[in-house]
Every structure is written in structure tokens, then in C-alpha cells.
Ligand SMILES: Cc1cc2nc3c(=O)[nH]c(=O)nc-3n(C[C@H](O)[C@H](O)[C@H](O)COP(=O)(O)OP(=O)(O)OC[C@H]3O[C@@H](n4cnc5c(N)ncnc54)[C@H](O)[C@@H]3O)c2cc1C
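So this first bit is one chain, no partners, the form predicted alone, shown in C-alpha cells.
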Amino acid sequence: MSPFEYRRAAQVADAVAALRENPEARLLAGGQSLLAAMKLGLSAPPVLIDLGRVAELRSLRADGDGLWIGAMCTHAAVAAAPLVRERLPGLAALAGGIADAQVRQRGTLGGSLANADPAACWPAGVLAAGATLVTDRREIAADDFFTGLFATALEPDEVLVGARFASRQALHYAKEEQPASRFALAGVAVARQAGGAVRVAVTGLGQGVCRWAEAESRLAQRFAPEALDGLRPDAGIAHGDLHASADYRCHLAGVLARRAVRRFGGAAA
């Protein structure tokens, strides 16, 4: 691991100022991805800015009839929060199924979203839920936040503060894990809003999280697993590796989408 300078931010403004002073600096949230990359020599930031003591980033509260989840809330905290379990239980279930207990105690919502790993769970849940991502200076719709492989709309000196979720919806997430890493070989999140609108997001295909428009269209006409029979993402948006081929990942996405819809209880539109 290359040497680096360690700084600890006390508030969001400190982190923003440090990023502007050091354009190659990186923010340290839970460290589950960044520190591993540094150990492997894949990342060598000269400055690390620790957000661990920025209290305002750990807020988890009601936001009108919705939810506000701060960027430094851990997966474990979201999974256990009574408010999340009450208002958007599918989101609590998603958080509770990430990796293992040790990772869930350290990994954070904001770290996962800002890293935008193409096999991570949080991006699929956030995109399907149509969440609003809030930074130190603006609000970004989930549809505009994820821009590609490990890429987001965040500016180099911008800090993700948290995410706002509408609770008048139901959400379920289904995934097939790669056994060693616990990342998703494929994962599908399905959200159904109170008015019947449906959003479907897919992770694990290899090019970054994305909406699945054809699945959304079919489920809008008939909200039932059978509406997705024979449907799978276009293989052109998937990548294969030593764990699974692109074709298999697309097959899994179709299976998981039907499984996620089945968890709604089989209600038909």
C-alpha cells in the first residue's frame, strides 16, 4: 500500500474543503471497497478524508411520509431501523442481505452509492425506488446519479450527504450471490408505487446498474410473475467473467425478477 496522509473531517464542509485542496484525495466511508483496492495497489490516493465522525451524515429519520437515510448509515443500521422496517421493509431486507455481518457493520449507504460497483446491491434498490440523492450542494434523481461502470454524477469536490425515499411504495430485491465475495452475480429490485407505477433495476450484469424498461412495461400491464415469462435483459449489456457468462447472468436476471415480483404476494394489476 502506498503512503498517504490521513485527515478526519468534523463536518461536511471540512470534507469539501479538503477535496478542493487535494483534487486526488478520496473520501473514506466504511472503507470496505477503497481499502481493499489500496491494498491491491489498484488505488493510491495521496490523502484519505475520514467521514466517520461527521454526525450529520448518520441521521436516519422520517422525511414527511418518506425516509431520510444519511450517507454514513451502515447497512446494519438500515436493516435494523424500526422506521425503515415500518415504512419500506424491502429496503431493510436489502440492507440485511448485503455481504456478511462484519461488512454490514462497517459498510455504508453513501460509500456503496458513490463507489457504484457494478455488482453492488444498494444501487439497484435506490434506482428502483426512485430515490433522490442529496449532496452538499444539490439534489440528484437516482436516474441521473449512476452514469456507468464505477461512475456517478458526483463532482470531484462533491460530498453525498444522504438519500430521500418515498415510502408510499413497496420494494423487493432478489439476488444470486457469488459465494466468495457475496457480490451479486445478478440482482433485481422491483418497486411498485401506490399509484401502480413500476420501476425495475438490475445490478451484476457488469456495466453498472440500470433500469429494465421492458420488464417495467410488462409489469405495468399485469403485475404478476407470469408477465415476465421468457423475458431477460439484452445480452449486449452484460459481461462474462470466471464466475458467470453474460448469457447466464441475463438468465439469472429473468429468474430473479419473477422471484422479486412473487414476494409482493402475487397481487395482479
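A residue's number is simply how far along the shown sequence it sits, counting from 1. All values derive from a computational prediction rather than experimental measurement.
A second form of this protein, the form predicted together with the ligand, is not displayed here; the remarks below concern that form.
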{"item": "Three-residue site 169, 190 and 209 fully in contact with the ligand in the model of the complex at 4.5 Å by heavy atom", "value": "no"}
{"item": "In the model of the complex, segment of 194-202, 181-189, 78-86, 125-133 with a heavy atom within 4.5 Å of the ligand", "value": "181-189"}
{"item": "is_contact(residue 244, the ligand) in the model of the complex, heavy atom dist at most 4.5 Å", "value": "no"}
{"item": "The ligand contact in the model of the complex: residue 233, any heavy atom under 4.5 Å", "value": "no"}
{"item": "Exercise: residue 31 in contact with the ligand in the model of the complex, heavy atom 4.5 Å", "value": "yes"}
{"item": "Distance check, residue 215 to the ligand in the model of the complex, heavy atom within 4.5 Å", "value": "no"}
{"item": "Proximity to the ligand in the model of the complex, single hit among 121, 142, 163, 174 (heavy atom within 4.5 Å)", "value": "121"}
{"item": "67, 27, 219, 238 - the one with a heavy atom within 4.5 Å of the ligand in the model of the complex", "value": "27"}
{"item": "Partner contacts for 97-112, taking the ligand in the model of the complex and a 4.5 Å heavy atom cut-off", "value": "98, 99, 103, 106, 107, 108, 110, 111, 112"}
